[in-house]
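Next up: just one chain, as C-alpha cells, the form predicted on its own.
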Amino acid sequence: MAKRIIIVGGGTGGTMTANILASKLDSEIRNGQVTITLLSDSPVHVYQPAFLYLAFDRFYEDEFTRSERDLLRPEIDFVVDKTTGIDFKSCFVQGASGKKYQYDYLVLSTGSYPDPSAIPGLEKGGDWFYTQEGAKKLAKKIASFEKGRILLSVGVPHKCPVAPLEVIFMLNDYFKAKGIRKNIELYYTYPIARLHALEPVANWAVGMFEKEGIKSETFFNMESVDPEKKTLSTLEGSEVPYDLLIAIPPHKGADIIVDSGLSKSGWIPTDKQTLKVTGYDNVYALGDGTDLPISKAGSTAHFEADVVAENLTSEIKSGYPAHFYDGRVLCFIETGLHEGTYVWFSYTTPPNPAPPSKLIHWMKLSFNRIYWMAARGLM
C-alpha cells in the first residue's frame, strides 16, 4: 500500500515541502509507492512579505498572488478543503467538506496570524501592514500624512521580526523624499529593554536611529488604544498620543492546533533539530506555527522545508530520519527605500548586520520577484 503524506497549509513552508518531496520521491510516486496531498483553505498562494511594500504602493496585488495549483508539481494532489480536525491516534485529517484524509506521515505548516483583537481598541484605532487589507488601508494614510507623530508599537510574538525596523526606516526615507520629514516625528517602541529581540540587531539599530533622528522607547507593551483620544496606553503605565498608529499586532497560531488538542497556546510543540512534533513520530511541523526558539520568517520556513523533505525521504527510502535543522535564518532588512542590509544566524551563531548598501536592497527586491521559483522548490 502506498505511503500517504498529507501536508496541511499552502503557504511558503507547505508549498516548498511538497515540491521538494515530489522531486526527491519521483520514482516512488510514479511506482505508486507514495502519494503526496497538500490541503489548503485557499486556491491562492500569497507572498506575504510584499505587504510591507504594498503599504508604500511599491507592490501591487496581482504581483504577489499566484494559483497554488500552478505552483505545485503535477504529481502532487492539491485539495482546497479547510482543516477542521486532526486525529493523531487514528492518523487522519478532517476537512470542512466532511472528507477524512488518512495519512502515514503528516506535515503541519499552519502558520501564524495577527490578532489585533488582543489589544482593546486597536482594531478601530490602529493600522498594520501584516495583512493584505491592512496594508492597503495603511498605504492611503501614509500617502496623505503631512504632519504629526507616527507611533509604531510592537506586540509579541509576531512573524518577520525585522519588519518593524524596516517600516520605520522606509517611512523615514519616504517623508524625506516628499520634503516633509521635518514635520513628522517617527516614534518607535519595543516591548523589551532594547530596539530588537536580537541584541546585535538592536545595537546596530541604535546608531541608525541616532543618525536619522528617529525617537524610541523600550519596555513599551501595548495594553489598550483609545481611538477617540488617539492615545495608546501601555502595561508600564504610560499614555502616548499619536496622529497615526502603526501597530504590529501580537500573533497567534492556527485555531486547528488548539482545537486538535496539540497545544493550548496555539504553537506546535516541535523538536528543534528533527522538526518532529513532540510525542508523534510520524508528524512534522515547520514555519511560523512552531514553538521553536527562532525567528518566524519566510527563510526559516525555506530552510526547514529542506530538512522536513530530507527526513521524510530518508524515512521512506531508508527507514529512519537522518537530517537536522540548525536554526538557520537569513533575513534581508530594508534600511530605507534605496538601501538594505541582511543578517544570517542560527541556534549557535549570532547575527551580524552588514553595512547597508544599494546592492543588498536590490538583492532583496530581486528575491521578491523570483520567490515563485523558491516556492516551486527550484532554489
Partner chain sequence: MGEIKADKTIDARGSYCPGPLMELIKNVKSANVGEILEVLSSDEGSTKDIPEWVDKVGHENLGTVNHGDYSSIFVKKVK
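Everything quoted here is computed from the prediction, not taken from an experiment. Positions refer to the first chain, counted from 1.
Note that the form predicted together with its partner chain isn't included here; everything after this is about it.
Within this chain, residue 158 lines the site of its partner chain in the model of the complex, having a heavy atom no more than 4.5 Å away. Under a 4.5 angstroms non-hydrogen atom cutoff, its partner chain in the model of the complex lacks residue 302 among its neighbouring residues. Proximity of residue 307 to its partner chain in the model of the complex: non-hydrogen atoms within 4.5 Å are absent; the residue sits far from the partner. Residue contact with its partner chain in the model of the complex: residue 347 places a heavy atom within 4.5 Å of it.
Just one of 253, 250, 125, 298 comes within 4.5 Å of its partner chain in the model of the complex, counting any heavy atom, and that one is 250. For the residues 149, 272, 230, 136, the 4.5 Å heavy atom test against its partner chain in the model of the complex is passed only by 272. Heavy atoms within 4.5 Å of its partner chain in the model of the complex are found in one stretch of 171-179, 86-94, 99-107, 184-192, which is 184-192.
Residues are counted as partner-facing when one of their heavy atoms sits within 4.5 Å of its partner chain in the model of the complex; in 207-246 these are 219, 221, 235, 236, in sequence order.
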